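The chain below stands alone and is given in structure tokens; this is the form predicted on its own.
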């Protein structure tokens, strides 16, 4: 019995964290290799895509040599990966450092995705808790039905609907995003519609997760004991149900990070938002492997960091149990 009550070994817990970091770093490296290979498989190459009209074969051959396209793909990928630890993301097909090209748009996308994630993390558990106060009641059915409906909506459909209702019909928020002198968003009100367009589908998804996690937790013996003891519903929810559901809710919100960044490419286009969506579209058009990989590396690092935080929360609340 004493062994069962033994506290988790801190060294073992730290080792698990290190292993999780290494595992996610390896996955990111594999993803970057796939990105390099995928760009290589596209029709044409960076030399052709960025050439001037009427440029001859000799000039194209020289451009391919300058861009290193006449070298094996693995060699180019390895050289690009070697620069990552120093922050060197390589040079684009148009001769501009990738870090310079992403220096302005990426913080804007990070702001957009971060705000959408914060809204999702705040609203979804609140709706899940509200629905859980009276399981099977009108509020519960309404919340679950609405969540299922909105999670099925693509971001561009939500964006168009928000534009019609909150901009064209009411004039409450601007339809497009203007850029300030520093390259950022000119006015905070221009963030509202892009953030909502990204967050609403994820709120639907995470509300379903929160509701399901709370329902699972409600079947635990200590919850049934609390109900039999006559404790108030809100106290049972906040002090007994919610702490047990936090790991599942945190993992759900963390996995939304990738979908938020993926959806940001579309939403930025709809609202003319100055993020990496336009940069990525141009990079694919130019068959620019270093620039595409640079976008994936930065977004992948952010997603990896959020997933790692979610893992730590899960370990913190479950004591390392699966």
Partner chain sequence: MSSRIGLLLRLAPAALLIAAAVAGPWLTPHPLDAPVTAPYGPPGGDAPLGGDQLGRDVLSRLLAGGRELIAMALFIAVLVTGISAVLGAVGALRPRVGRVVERAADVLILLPAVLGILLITLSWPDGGRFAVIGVAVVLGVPYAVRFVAGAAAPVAASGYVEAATAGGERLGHLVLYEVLPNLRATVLALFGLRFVAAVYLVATAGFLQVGPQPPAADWALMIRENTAGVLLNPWGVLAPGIAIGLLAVSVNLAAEALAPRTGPRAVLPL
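Residue numbers count along the first chain shown, from 1. All figures in this text were calculated on a predicted structure; none of them were measured in a lab.
Note that the form predicted together with the partner chain isn't included here; everything after this is about it.
Trainee: Counting only non-hydrogen atoms and a 4.5 Å threshold, tell me whether 30, 35 and 270 all contact the partner chain in the predicted bound form.
Mentor: Yes: 30, 35 and 270 each sit within 4.5 Å of the partner chain in the predicted bound form.
Trainee: Quick one: of 152, 227, 82, 133, which gets a non-hydrogen atom within 4.5 angstroms of the partner chain in the predicted bound form?
Mentor: By the 4.5 Å heavy-atom cutoff, the listed residue in contact is 152.
Trainee: Let me know the one among 220, 126, 157, 118 whose heavy atoms come within 4.5 Å of the partner chain in the predicted bound form, would you?
Mentor: It is 157.
Trainee: Looking at the partner-bound form in the predicted bound form, is residue 164 within 4.5 Å of the partner chain by any heavy atom?
Mentor: Residue-level check for residue 164: yes, a contact with the partner chain.
Trainee: Is there a heavy atom of residue 12 no more than 4.5 Å from a heavy atom of the partner chain in the predicted bound form?
Mentor: Outside the cut-off, so no.
Trainee: Does residue 208 reach the partner chain in the predicted bound form if we count a contact as any heavy atom within 4.5 Å?
Mentor: Judged by the heavy-atom cut-off of 4.5 Å, residue 208 is in contact with the partner chain in the predicted bound form.
Trainee: Is there a non-hydrogen atom of residue 307 within 4.5 angstroms of a non-hydrogen atom of the partner chain in the predicted bound form?
Mentor: Yes, residue 307 lies within 4.5 Å of the partner chain in the predicted bound form.
Trainee: Using a 4.5 Å heavy atom cut-off, which stretch among 231-239, 168-176, 82-90, 134-142 contacts the partner chain in the predicted bound form?
Mentor: The contacting stretch here is 168-176.
Trainee: In sequence order, which positions of 282-304 have a non-hydrogen atom within 4.5 Å of the partner chain in the predicted bound form?
Mentor: 283, 284, 287, 288, 289, 292, 293, 295, 296, 299, 300, 303, 304 sit within 4.5 Å of the partner.
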